[in-house]
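Just one chain follows, in the form predicted alone, and it is written as structure tokens.
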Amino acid sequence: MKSCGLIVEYNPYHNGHHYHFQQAKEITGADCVIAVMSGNFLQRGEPALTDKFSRARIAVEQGIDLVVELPYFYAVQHSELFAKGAIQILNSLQADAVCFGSEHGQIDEFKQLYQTIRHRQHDYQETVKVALQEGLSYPKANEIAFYQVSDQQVSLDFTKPNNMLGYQYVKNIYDLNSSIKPVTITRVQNNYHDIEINDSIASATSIRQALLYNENSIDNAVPFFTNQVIAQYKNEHERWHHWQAYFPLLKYRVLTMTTAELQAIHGIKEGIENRIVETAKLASTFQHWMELLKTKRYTWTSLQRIFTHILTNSQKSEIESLLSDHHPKGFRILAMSKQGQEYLRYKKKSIDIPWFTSNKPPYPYHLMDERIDHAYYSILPVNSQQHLAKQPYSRPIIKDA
């Protein structure tokens, strides 16, 4: 039984994601498509619009066979660690291929760049180090190092986020000496950060913008079932999740924490905790707070990740301990089709790490997940919090047909 892995967030699942899924299945000839999906908080340090279970439900209804959660300590990280966690899980699941969308759309130059950097690893690391010392952000330092080490021979544009992520997927496949075949398709008709819906394939950013600010209809940009589920979520729980909704709670957290408590939070370094506290006193909205905080060294995304870790009380010691493991101690299944169930039975003896169907012990990350979930649901009405808090302890979502 042949399988293809997708590394996703589905915030929310839209027509571009469906195109990606269909192309991946066709190009790789996969019998089973596996999605490794971020949980309630995402790679760019944002709360997902709706929770991981509603997003997993949409995914299996649209044809995905197996939805596996990328653990928080990998999901809310820069591209290298995000990719590492996802590829390790897909490698353990014996995926035959990984298909990712990129602005470049051709796999050969991703492979070529990997070989170039591997042979000039010292030069690459030194270039990154110097750029960081000059006060540049980690993504910018990497971009400079990529171009310098490759001597401009590779035409990959690393100002494009999916090219950067794609390189990290390829790198981690080869670093693991995995048999996974990397495949890429070209992202079509939109840019990652587009804020307006202009076509049937629109960016997730523009779709969220339209939903949160009632700017226009998303009907043409998402499958009907997506629209149905996210509307139902808001109807039942009174709101979607976005940073402004957490602003009062986040501000309270920051202004009542000691300096030592802030310094212990994952991502806090170089005295940024002092700047966070001072700007908290001035900020009137989450957007305003971010504008006060952002510097050349700290990108919008890196600051959002720090805020996520503050909100969830995720400490350096805990995250670094989990990241020190050579591979995840297990993975959590959120949803599956009958085909996904069959794949797990087919591969059961060769999958080299345990899988779990709920957040109950002995799932190794159950205490962290419980804390993360409570933080995520904290902005909802009490009855919604109580109802949704039970979901992680139930069996996965199973699509019968």
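Keep in mind it's a predicted model, so treat the numbers as computed, not measured. One-based numbering along the sequence shown.
Keep in mind that the form predicted together with a further copy of the same chain is missing from the display, and what follows is about it.
Although the partner is absent from the chain shown here, none of A145, K316 and L323 has a heavy atom within 4.5 Å of a further copy of the same chain in the model of the complex. Among the residues K129, R118, K234, K251, the one placing a heavy atom within 4.5 Å of a further copy of the same chain in the model of the complex is K251. The contact residue chosen from T159, T256, N177, Q133 relative to a further copy of the same chain in the model of the complex is T256, the criterion being a non-hydrogen atom within 4.5 angstroms. Partner contacts here mean any heavy atom within 4.5 Å of a further copy of the same chain in the model of the complex, and among 65-73, 369-377, 341-349, 47-55 they occur only in 369-377.
Of the heavy atoms in W240, none are within 4.5 Å of a further copy of the same chain in the model of the complex.
With a 4.5 Å cutoff on heavy atoms, M164 does not count as touching a further copy of the same chain in the model of the complex; it lies far away. For I310, a non-hydrogen atom is located within 4.5 Å of a further copy of the same chain in the model of the complex, even though that partner is not displayed.
a further copy of the same chain in the model of the complex comes within 4.5 Å of no heavy atom belonging to Y298. Taking a further copy of the same chain as it sits in the model of the complex, the stretch 279-313 comes within 4.5 angstroms of it through a non-hydrogen atom at K281, L282, A283, S284, I310, L311, N313.
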